[in-house]
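Below you will find one chain, with nothing else, as structure tokens; this is the form predicted alone, and questions on how it binds or moves follow later.
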Amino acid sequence: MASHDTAVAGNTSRPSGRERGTRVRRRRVRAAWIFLTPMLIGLLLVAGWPLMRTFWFSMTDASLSQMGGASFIGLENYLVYDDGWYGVLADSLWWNSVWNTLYFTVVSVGCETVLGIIVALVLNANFRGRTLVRAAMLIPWAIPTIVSAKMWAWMLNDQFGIINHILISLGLIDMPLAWTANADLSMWAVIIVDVWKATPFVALLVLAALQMLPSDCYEAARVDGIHPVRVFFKVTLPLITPALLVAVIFRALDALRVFDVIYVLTSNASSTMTMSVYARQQLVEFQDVGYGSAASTLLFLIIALITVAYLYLGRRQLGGDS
């Protein structure tokens, strides 16, 4: 009887499997915070302080000539009524830049995603010279954006550009096109340049995901005689969806704050003006720091809302699939 009581007491003093798992989880969380703290402090100093300063300037009448003597005006830079609506939110040019940004993001990221998957599938196949082709694929992505944009500006020139020369030689057009000056073509010219530049990035992430897929499911599909297209949509695409979501969110963030490629190709043209170009125009050319800071703050909020919504929907989709 005593030995039975001793055994029971010994069993009660031992931690259960659930308690041990909880302790291990707590240690992992504690270690994660220890490693993340220096990065979070650096991020707060590098990004947090400028962001708060921009938000403060957006509520003042600061200008480049009077940064120190700015007065607090509240939300007047955003929206105010004084015999009419004034502010960034009442500016039709701002809403035009919002539309241009969203249109550019959806079309360019959509094209990059489709082309990136196709390129990754081709590079995932076994053929001679595959390593050389993979290295050559990264060249557009490795070229600095300013350099590639200027290079494309020369190629798209309506006087001496090689793009018009090729299209005329093929009989596709009768006269040179002003790709970057024509309001109907300039946005598509910018999208073409961005797709050429960023497609290798998407292809690289998708190719890395394809390299990690198990081969047994493909062998079983080959034995069963399932069509490769059906295998792609039923097997490959669901398995690479997490990597594809990462590629899309990174490209969407870059596209929403795009500035360099558009400014080099079309400068301040209203047909291609994005939110970043609009904010730069207010800050630098008009020297209105308060108004430009309000536009920059709205740009940050729009990107943050879209990112949170995308991550939430992506997590729900992955959770539903699992």
Partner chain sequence: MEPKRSIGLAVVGWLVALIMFFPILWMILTAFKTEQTAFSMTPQFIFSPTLDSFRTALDQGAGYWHYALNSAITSVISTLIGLALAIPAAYAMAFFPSKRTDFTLVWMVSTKFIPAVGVLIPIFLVYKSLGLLDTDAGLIMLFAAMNLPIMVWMVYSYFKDIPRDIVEAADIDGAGTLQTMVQVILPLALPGLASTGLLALIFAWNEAFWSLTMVDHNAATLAPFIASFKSAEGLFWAKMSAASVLTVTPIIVLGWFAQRQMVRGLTFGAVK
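Between two forms, the rigid core is the largest collection of C-alphas that superpose within 1.5 Å. These numbers come from a predicted model, not from an experiment. Numbering follows the first chain given and starts at 1.
There is another form of this protein, the form predicted in complex with the partner chain, and it is not shown here; the text below is about that form.
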(request) Could you tell me which one of V248, V119, V88, M187 places a heavy atom within 4.5 Å of the partner chain in the predicted complex? (result) V119
(message) Looking at V106, A142, V229, L237 here, can you tell me which has any non-hydrogen atom within 4.5 angstroms of the partner chain in the predicted complex?
(response) A142
(message) To test your reading of this chain, name the stretch in 73 to 81, 177 to 185, 89 to 97, 158 to 166 whose heavy atoms come within 4.5 Å of the partner chain in the predicted complex.
(response) 158 to 166
(message) With a cut-off of 4.5 Å between heavy atoms, is V133 one of the residues that contacts the partner chain in the predicted complex?
(response) yes
(message) Just checking whether L172 would be counted as a contact of the partner chain in the predicted complex - the rule being heavy atoms within 4.5 angstroms.
(response) no
(message) Taking the partner chain as it sits in the predicted complex, is S296 in contact with it (heavy atom to heavy atom, 4.5 Å or less)?
(response) yes
(message) At 4.5 Å between heavy atoms, is Y310 in contact with the partner chain in the predicted complex?
(response) no
(message) For a quick check, can you give me the residues of 34 to 52 that have a heavy atom within 4.5 Å of the partner chain in the predicted complex?
(response) F35, L36, P38, M39, L40, L43, L44, V46, A47, W49, P50, L51
(message) Given a core-based superposition, decide whether the C-alpha of F286 shifts by 2 Å or more between this form and the one not shown.
(response) no
(request) Look at L64 and decide if its Cα position differs by 2 Å or more between this form and the one not shown after superposing on the rigid core. (result) no
